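What follows is one chain in structure tokens, specifically the form predicted on its own.
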């Protein structure tokens, strides 16, 4: 079992397999994004080694993120190898849906039934403006196919002032007849420009107030352990919606997560600047025992929350979310 300095069990790894993406969402990366050279990425073999070690230490859930996971070459072979790890209870995938559909059936056959699908607008023109790509049709086709299966589907919508506010209610209404969770996320500064949002208008409370104006009959649900979202159901709806206070960070107290970036940086918090590089450590010949010792040492110094992790940085946030792992 992995325990951090605040006596919190760490059993969830967010593993980013690539920083490349076939969208260019404005809140995530600049249009002229410079991607990590392939030789600087963790190999699949290195990812499997790290995953095996962490699962043996008590990690039960691995979420595969990017960038966009499905555009990395041979991703399905890696996913197959990951699914064979003993004691790993759950694999989840975060995807934008653009390239997912051709691989969906095989993914499900490997036991993966949990997907976070990024969808920031249901309007084609707004989708184009946000993502800088005309790909809404592909994403919606992926969603419709996912709905044919009995999957755990969460739709992730980053709320942006003057960009997609008109989409909030239509997004909520996707859960009216479908057992899905629509999750609204506060905008964060990880856009590759180093821009902050110190006066964030559309915070978690304003999002909730906006939905309540349209649907006052809202029931607060019991949030599962370690949940990053506050979850709600509208009377008569089949599904639910949640709000993630990703910028104001009200959920940090129950954090059970660690992150590994595509180039191997180990992070104990989304907002820290990285603790050490696992890829370099492994390629210098580190043993399994040395790797786990280094990870436990990092957890022994983990910040209590995201605000503290950010305040401990030597430089301001400037990363693209795709370089961290969504």
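Residue numbers count along the first chain shown, from 1. Values in this document were obtained by computation on a predicted structure and should not be read as measured data.
One more form of this protein should be noted, the form predicted in complex with a small molecule, which is absent from this view; the next part is about it.
Stretch-level contact analysis of 261 to 269, 64 to 72, 287 to 295, 43 to 51 against the small molecule in the model of the complex, using heavy atoms and a 4.5 Å limit, identifies 64 to 72.
Under a 4.5 angstroms non-hydrogen atom cutoff, the small molecule in the model of the complex lacks residue 115 among its neighbouring residues.
Although the partner is absent here, residue 228 lies well away from the small molecule in the model of the complex, with no heavy atom inside 4.5 Å.
Although the partner is absent from this view, residue 168 stays clear of the small molecule in the model of the complex, with no non-hydrogen atom inside 4.5 angstroms. Interface residue remark: residue 59 is not counted as part of the site for the small molecule in the model of the complex, having no heavy atom within 4.5 Å. Residue-level contacts in the model of the complex: of 158, 182, 255, 139, one residue has a heavy atom within 4.5 Å of the small molecule, and it is 158. For the options 135, 245, 188, 79, the residue carrying a heavy atom within 4.5 angstroms of the small molecule in the model of the complex is 188.
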